[in-house]
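What follows is a single chain, given as structure tokens, in the form predicted on its own.
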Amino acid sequence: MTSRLTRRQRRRVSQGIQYAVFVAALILIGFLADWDRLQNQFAQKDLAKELFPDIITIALRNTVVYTMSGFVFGLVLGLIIALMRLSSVAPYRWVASVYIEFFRGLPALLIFIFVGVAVPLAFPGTQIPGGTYGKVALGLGLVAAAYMAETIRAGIQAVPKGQMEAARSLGFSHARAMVSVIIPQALRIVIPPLTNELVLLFKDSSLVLFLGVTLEERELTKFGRDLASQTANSTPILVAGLCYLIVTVPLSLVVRRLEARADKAR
């Protein structure tokens, strides 16, 4: 019987079975879950209201500041590392390669611990400018730079070689042609993956809690966890998670739009 079905009919049958399995799984989860207990633990409206406006004016604001400072530092350092990676000077390429492999190979948590503990021990009496904000910018930036460097390098190599040749024929030096012609085009190419890196940094900013922060320096995860411990209820964690989604979901949509536009342009 099945062998007599056309390819289109078999595909429809397969899709119907998959939809049925999906719906059955949802029904099973809905039937087995203890919704009253979940609501009690994660959806206390009165407790959620008490989180505002502090969760926005303190936690979300700090999270955005941490993310943007790390992104800017990582972008600048990543551009330098990418240019070193493409340099004709061998030691520059070696240093860039070691940096990229080192910081991409280590968990971000270890980098934060290194920034918070090892740097003060290695350079006694030296303070990182900006206090906690400076430490977070350094920690996030060091990790982000390793990924951004490879992204920017790929973007530079994606620019047609004729662009450099045309700039040199007009009298530009190699450095000026790179700054004025190649890098702007490369950055335009890599905007989607850089925006995706921004989303990842926004979530990685939660690692700031391992640096030890004051009440005014807490970000969303630390803010939600502290209040959840105080109230013995997980509603603050749920609200903090929703605040993350308020930022990351629109950014993810922007990434998709940019990627679609780039594919259409190509």
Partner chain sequence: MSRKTETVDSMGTDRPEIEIRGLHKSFGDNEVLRGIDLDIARGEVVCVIGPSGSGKSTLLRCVNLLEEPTSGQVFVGGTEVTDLDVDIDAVRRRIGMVFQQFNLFPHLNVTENLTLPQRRVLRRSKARAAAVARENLVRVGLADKADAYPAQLSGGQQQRVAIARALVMGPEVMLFDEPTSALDPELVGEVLSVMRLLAAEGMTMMVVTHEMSFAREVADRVVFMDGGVIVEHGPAAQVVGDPQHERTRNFLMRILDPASTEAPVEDAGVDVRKPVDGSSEG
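Keep in mind it's a predicted model, so treat the numbers as computed, not measured. Positions refer to the first chain, counted from 1.
Below, we turn to the form predicted in complex with the partner chain, even though it does not appear here.
Remark: Ile80 does not count among the residues lining the partner chain in the predicted bound form, judged by a heavy atom distance of 4.5 Å or less. At the 4.5 Å threshold, heavy atoms of Ile156 stay clear of the partner chain in the predicted bound form, well away from it. Ala166 belongs to the set of residues with a heavy atom inside 4.5 Å of the partner chain in the predicted bound form. Although the partner is absent from this view, Gln127 stays clear of the partner chain in the predicted bound form, with no non-hydrogen atom inside 4.5 angstroms. Proximity to the partner chain in the predicted bound form, taken as heavy atoms within 4.5 Å, picks out 170 to 178 from the listed stretches 110 to 118, 131 to 139, 170 to 178, 89 to 97. Contacts between stretch 185 to 199 and the partner chain, counted in the predicted bound form as any heavy atom lying within 4.5 Å, involve Gln185, Arg188, listed in sequence order.
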